[in-house]
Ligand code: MD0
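Take a look at this one chain, the form predicted on its own, written out in structure tokens.
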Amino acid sequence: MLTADLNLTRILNRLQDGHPAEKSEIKYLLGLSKPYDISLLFEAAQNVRDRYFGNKIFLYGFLYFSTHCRNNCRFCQYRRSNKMLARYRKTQTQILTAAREMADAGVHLIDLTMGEDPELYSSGESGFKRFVGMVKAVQKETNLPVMISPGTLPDRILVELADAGVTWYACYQETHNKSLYKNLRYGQDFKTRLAKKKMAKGLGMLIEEGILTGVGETLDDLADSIIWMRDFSVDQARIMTFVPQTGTPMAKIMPQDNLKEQKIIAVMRLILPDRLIPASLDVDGLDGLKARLIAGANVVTSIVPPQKGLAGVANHSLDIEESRRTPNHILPILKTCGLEPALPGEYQAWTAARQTALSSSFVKKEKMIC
């Protein structure tokens, strides 16, 4: 009969009971290698997810509306120097058509993502007028919460979008190891990205943080990122496996399997029990969804409508035109895991409760400072 290491049992029991984790415990869980031990980790993560979310899963529509970018991130296929990739900018009409289709299909949120498009960024605050108008139009057209992932926006634009009722701001750090960050996000200031997240949080937006695995990080780095996300009180924590891309300096890095990503999802669930943790379709497509759900994810992201000429992030075209990144293909997989999509009102109730808690916490801190 298979038995678990007593230390593993002790840690999993403590975390399932809501006790805070030590960094050494996080590293221990991330380093698990025996299949039976890993299965216990996943079981604990599922137990915690069930306690906070029942069997409900949230679905995110994804619109990468501009693949132009001024940055030269070493890991990203959309980096400025990659001349091998065709680029596009979608019009507002194209964006609204795709957003409406996803809303009709039953997604709970529209994720509006772009590179730091030089057409917008080169003109300063005035260049973002079209972007702000487009975001407002999507909100009006779909009546759904919106997440924006447009990079390090000017402060005044963040204020304008917060005033417009934008629910989420995503600005991924990729790692919280400053040396590794410098290697990945070449030429971009580490503190600036942190500051944008802090400002958006102060404005009442919910925050998604994202990290990469398979880019030279250590278990120490991963544990530090998870602790940072806990201490910052992120509302959604994303982990994605790096997929080497042609036309980038990291094209020849040996790709890793998705088991490490699954373990990180499970550990995040134990450390951030009541937060949203995505299972992205962008790394392994539909075939990788079940494994990420088993690890404790409670959001399916990167749902992309076909025949709209839209791209993914880690994989430019994986499963998109075959219609495999649609709710119709996702729902049977949820069912095999004993899960089901939440009702739209359940998702909006969760985000409203988080924003209320965020507002109360912010006011309390301000009073303490005064």
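Start at 1 with the first residue shown and count on from there. Keep in mind the model is a prediction, meaning the values are calculated, not measured.
Only in words, not in the display: the form predicted in complex with ligand MD0, which the text now covers.
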{"item": "Residue contact check: S280 to ligand MD0 in the model of the complex, 4.5 Å heavy atom", "value": "yes"}
{"item": "Contact of R238 with ligand MD0 in the model of the complex (heavy atom, 4.5 Å)", "value": "yes"}
{"item": "Interface membership of E217, ligand MD0 in the model of the complex, 4.5 Å heavy atom rule", "value": "no"}
{"item": "D284: touches ligand MD0 in the model of the complex, heavy atom cutoff 4.5 angstroms", "value": "no"}
{"item": "Segment assignment from 154 to 162, 296 to 304, 262 to 270, 217 to 225: heavy atom within 4.5 Å of ligand MD0 in the model of the complex", "value": "296 to 304"}
{"item": "Candidate from T113, N258, N177, T167 lying within 4.5 Å of ligand MD0 in the model of the complex - any heavy atom", "value": "T113"}
{"item": "Proximity to ligand MD0 in the model of the complex, single hit among L120, M205, M147, A99 (heavy atom within 4.5 Å)", "value": "M147"}
